[in-house]
Every structure is written in structure tokens, then in C-alpha cells.
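Only one chain comes next, encoded as C-alpha cells, the form predicted on its own.
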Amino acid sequence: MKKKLEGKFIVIDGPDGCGKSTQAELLMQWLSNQKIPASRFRDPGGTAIGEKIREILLNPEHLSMSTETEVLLYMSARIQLWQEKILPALHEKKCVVLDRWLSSTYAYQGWAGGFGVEKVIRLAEDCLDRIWPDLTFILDVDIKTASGRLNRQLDRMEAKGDIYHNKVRAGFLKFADEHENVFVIDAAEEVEKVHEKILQIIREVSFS
């Protein structure tokens, strides 16, 4: 398993409230138990520049921000994270676990926001050396369940309303249908069951 996961890039993504951060942390614990060197990051964020961009993007005061601005800010943070953190970790043969990636921009801005999923991908191809991970998990959850888990003040993206977030969910499922090595998992199940499904797929998947 150590040899299999050396230098692999794994993304855990999905709608707000799906449990991405929890599952990323559980996966990191498992990798540590397996003695597999790994690094975990979040997108946007993970760098000094990325964290500042994250603050701008999620600040509820910035309600006038356009979808086009969102796309460019998310991509800017992603470029910085790739160059400063992800690429060096992969070069060190670490397994990189990431909370969100391009799949989020595809679902949120590209699909739900109407920017266009093809435009999102073209922009990423122009800006990043590599855009697709080795493995992506989409944690699928209905809006009611997701909303019940967000028991805090909502950030700007979370507060966009049910119509928008239903489109986001549809965008993630569309993304999974169109790309390889993307696995949809029912995130309404118990945390440990979701974790075990992730591990099962990791054990069984064949990286090309």
C-alpha cells in the first residue's frame, strides 16, 4: 500500500456540509498508521497568499462579488497552493490529501454559477501544470442533511440559498459522470461508514 500511494494526489470534495474535512482528517490518520508519508491541504488556502484570498472569498460582507471574480480568485489561490505546497510534496513522494480542488470550481462557479464548466477547465489548463488528481471522492449529501450540519454562522458561499446549492450538488454529480477515477459516496451515512468506503476504494482502485 505504501508503494501504491507514494506521490499520489487524492481530493475529497462535495457540497458544503458533506463532511470533507472530517474525512480528510480520518484519511490522514489512516495514512499515518500505515507509515505512508502524507501532506494535507485545503483549497482555497494552505499558503499565506491562499489564506488571504480565502478570507476575501468567504467574507459575508462581499455579497456583490461576481461569479467571474470568484473563479479567478479561487484559481489564483489554487495556483499558489500547487506551486508552493502540492508540487513539492508530490516530488517528495508524499501522498497529498486535499480538501476541495478544481472539482469545486466546476460545480460551484462553472455549473451552479453559470460561468461554464468548459471555461473553468480551459482556465485551469492555462494556469496549472496538472489539473486532475489521481483520485477524487465526491461526498454526496442532500441539502437538508447538509444544512443541519452547518451549525454556525454561514460564510458567503454557504449562504447562497437552497436553489444554488441544489445546483452545486448536481454539478458535482455531473463532474463525477464525466471524469475518470471519481467516486461518489453517500455522505449521509455514519462517519465511520463513509471512511471505510473511502479506504475500500483506495485498496481496490488501479492507478493508471
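Given the structure is predicted, the values throughout are model-derived calculations rather than measurements. We number the residues from 1 along the sequence you see.
Another form exists, predicted together with a small molecule; not displayed. Remarks below refer to it.
The partner is absent here; in the predicted bound form, the one residue of 36, 176, 157, 27 having a heavy atom within 4.5 Å of the small molecule is 157. When you look in the predicted bound form, the only residue of 58, 49, 170, 65 with a non-hydrogen atom within 4.5 Å of the small molecule is 58. With the partner left out here, the small molecule still marks one of 73-81, 86-94, 134-142, 121-129 in the predicted bound form; by a 4.5 Å heavy atom cut-off that stretch is 73-81.
Although the partner is absent here, residue 195 sits far enough away that none of its heavy atoms falls within 4.5 Å of the small molecule in the predicted bound form.
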